[in-house]
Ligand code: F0G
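Okay, so here's just one chain, in structure tokens, the form predicted on its own.
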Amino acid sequence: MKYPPEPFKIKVVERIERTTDEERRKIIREAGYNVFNIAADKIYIDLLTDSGTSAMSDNQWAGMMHGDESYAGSRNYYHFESAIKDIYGFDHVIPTHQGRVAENLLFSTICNDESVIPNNTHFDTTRANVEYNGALALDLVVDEGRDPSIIAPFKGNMDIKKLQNTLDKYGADRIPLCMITITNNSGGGQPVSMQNLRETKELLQQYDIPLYLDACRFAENAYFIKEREDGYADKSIKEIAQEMFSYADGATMSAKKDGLVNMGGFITMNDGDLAEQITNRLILIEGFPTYGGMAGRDLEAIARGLQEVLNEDYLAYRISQVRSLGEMMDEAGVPYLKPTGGHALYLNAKSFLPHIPQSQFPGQVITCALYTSAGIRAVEIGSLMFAHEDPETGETVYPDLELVRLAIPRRVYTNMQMQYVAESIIEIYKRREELRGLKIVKEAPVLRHFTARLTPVES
């Protein structure tokens, strides 16, 4: 069977309503051409993010009823800790209410103005937390990861030569840790191979530099390793995940992705001294170490979700849903980042709208067109999100990839709804020459894409 059917039954449904074309044109204007500013009940198909938007299982909901809301020592924390240690294998587990807090706790503890943090590709919140704490965030993904048209099995890999050059240029003393994002979200949800994790660790060990994983989509990455890398076809997803983490010294996690929950995260590591420093910060800003900003019921849902996400039938369905959307794009000639990743389809905005320069945000133009024409919310991952001013030259530096991410929530939308998404994208592509650029009228100094307001460029 080419595409496996859903490995679940639908027990509860949520009604969604469609708005009219006229209503959506008015809404997008009032939102400053930024879909983050649109109320969710005005969205028909919401592909803004796969973070915190999963449908939880009956088992997880049952676990919520076992929530122990004791301030200290909640039994749910120990279930949570046990599940994480079983998969990740690190000594210390620190809960946080979501992934970016884990990033903030980590980088605010280890970074200073001289620090350099290499990554395959930093995601937006990771980069922001690195840079807010004075450090330099470097993206060192392999070259094929910067080309949307190249078909390669592991386009999320760290470029070992680039990492070596970084070590030579800045020196090990300035690099408190190296990070790899699995899968590589800003690079199109592309996986990282086991061999690449192993080689990265071997290089870093020579300099006594720890390796941390941004592990939000670790199970999806493990599935790609099983599917694409020699020697792993007969291993379980859990065995592959455990080996992945064996090459790392710690990890940050937004459980809102592969934890299959709506809220929660954690940081886990082997370094006891660092764990103590981070825990002290946690108490100041998040809460006691056995709840870390979450309710006991949330901890229980994560503990159960981390086990469920390892199910191979679920992962095969999950990844095939994204893959089938890509094949529908192929049939119509719509350009997207190939191959499809684990959690999203990424439209290639540069090729989709070659007449619109990056200075006029072609990815954001497509995002707005998707909403106004079909009520679909996606997110730009391109110049609005990542363009920045070079501190030395003052010139604007644009990202290599100009993408629109359609992130598919886990266990939420049917394949018929994905067919609607595909048809809507194809209709926009057919009239792409009619679309015009956007310009910013208001922006925040950090993570501007969340709140920026834009307006169409006058033709």
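Residue indices: 1-based, along the sequence shown. Bear in mind that the values here come from a model prediction, so they are computed numbers and not experimental data.
Below: the form predicted together with the named molecule, not depicted.
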Among S254, N76, Q190, T367, which has any heavy atom within 4.5 Å of the named molecule in the model of the complex?
S254
Going by heavy atom distances of 4.5 angstroms or less, which of T290, N157, T126, Q321 would be at the interface with the named molecule in the model of the complex?
T126
Is S108 close to the named molecule in the model of the complex, meaning a heavy atom pair under 4.5 Å apart or at it?
no
K350: heavy atom within 4.5 Å of the named molecule in the model of the complex?
no
Is there a heavy atom of G99 no more than 4.5 Å from a heavy atom of the named molecule in the model of the complex?
yes
Is there any non-hydrogen atom of C216 lying within 4.5 Å of the named molecule in the model of the complex?
yes
For the spot marked by S51, E103 and N185, is every residue within 4.5 Å of the named molecule in the model of the complex through some heavy atom?
yes
In contact with the named molecule in the model of the complex (heavy atoms, 4.5 Å), from 198 to 206, 82 to 90, 219 to 227, 177 to 185, is stretch 177 to 185
